[in-house]
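Single chain ahead, by itself, as structure tokens, in the form predicted on its own.
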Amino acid sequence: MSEIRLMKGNEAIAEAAIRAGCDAYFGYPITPQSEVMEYLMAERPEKRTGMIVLQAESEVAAINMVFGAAAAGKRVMTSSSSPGISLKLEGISYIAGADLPCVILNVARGGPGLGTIQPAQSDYFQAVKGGGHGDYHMLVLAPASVQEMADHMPLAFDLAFKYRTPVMILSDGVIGQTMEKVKLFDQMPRSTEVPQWAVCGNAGRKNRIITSLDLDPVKKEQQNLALQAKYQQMRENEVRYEKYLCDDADYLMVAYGASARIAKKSIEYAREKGIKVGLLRPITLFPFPSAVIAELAKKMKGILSVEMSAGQMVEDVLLATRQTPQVPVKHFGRYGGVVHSPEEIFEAFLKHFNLG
């Protein structure tokens, strides 16, 4: 039976990985996501399900271990925080180029550089625009609660194997460190099936070679075209979002993750003053809910993108609203690890649209 626990976001996603039938976790500690590996080490999932948990010698080593396990057809994941994800990007590009499934958790922190251990959303570009080299994307999920940290884990594995692609869960230090009630799903069995594309020995059959390397540019272009077709399928079939008070709204806020939770309180302030504001929360950052925002923009007087960054998601909001240039799109953000308050967002909203 499912059970209810009081857990941090990092703990909830670690427990969810075990319950989702994850075969292996390879990681390296970095704040504010270290509890993921700490929880897994303490829980000893090898005794529960046979899941392997290993602290690698570095982030680079961890992501290459993920590559190897993914090539064997296993459900494998890693986690890190901003600078650690940067170190993994070469391996992530290799995994995407080799059409392999895996799950990557980023509990983002403030930057640039070593930055701070405080939360931020300034890894948006890195996550949704590929991050590493080459024309690739990851499918990116953005949880806004501890419950979603848990719920997104089996979804991430399902999507990773459906499209043979790396899936990133892009969280932040607020969600990772917040403690909330979470309803955990029942234990899922680890899969015993070996995908037909996996490397698993070649006795009695033709060799299977998994690589992202092809020195023939014509063949490489064909592979790139196949990747782009896959990403288009994601755009058509995997867009996820939440609408909040949008039906009668004259103004729209767009926010994800922790910012969306804070923005909801700002919207309450606006509604109390008779200003009809709604929220569009992207749950998938790639694919982005562009069509939904474009449709909502037709009836809006203004749109505010709320982020813990200097302005990254706002570029995708602007692209989504290019057919309605008469609707002003503004940005409000705090960055470097500073978390905005509902009052600050509300004041910025009033200022941007001359409502104060």
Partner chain sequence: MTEEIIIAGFGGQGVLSMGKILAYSGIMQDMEVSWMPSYGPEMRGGTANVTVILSDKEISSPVLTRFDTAIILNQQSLDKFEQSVKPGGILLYDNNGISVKPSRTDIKIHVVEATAEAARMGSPKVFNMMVLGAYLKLRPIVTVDNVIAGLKKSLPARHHHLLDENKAALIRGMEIVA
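All values derive from a computational prediction rather than experimental measurement. Residue numbers count along the first chain shown, from 1.
Although it is not shown, the form predicted together with the partner chain is what the next lines describe.
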- [ ] Pick the stretch from 118 to 126, 247 to 255, 227 to 235, 157 to 165 whose residues have a heavy atom within 4.5 Å of the partner chain in the predicted complex.
- [x] 118 to 126
Open item on the list: Each of 271, 276 and 330 within 4.5 Å of the partner chain in the predicted complex, by any heavy atom, yes or no?
Closed with: no
TODO: Look up in the predicted complex whether residue 84 has a non-hydrogen atom within 4.5 angstroms of the partner chain, and give yes or no.
DONE: no
Task: 4.5 angstroms heavy atom contact with the partner chain in the predicted complex for residue 173 - done: yes
Task: Heavy atom of residue 19 within 4.5 Å of the partner chain in the predicted complex - done: no
Open item on the list: My question is simply whether residue 334 lines the interface with the partner chain in the predicted complex - judged by any non-hydrogen atom within 4.5 Å.
Closed with: no
Task: Residue among 243, 133, 190, 181 with a heavy atom within 4.5 Å of the partner chain in the predicted complex - done: 181
Task: Those residues of 327 to 356 which, in the predicted complex, come within 4.5 Å of the partner chain by heavy atom - done: 339, 340, 341, 342, 343
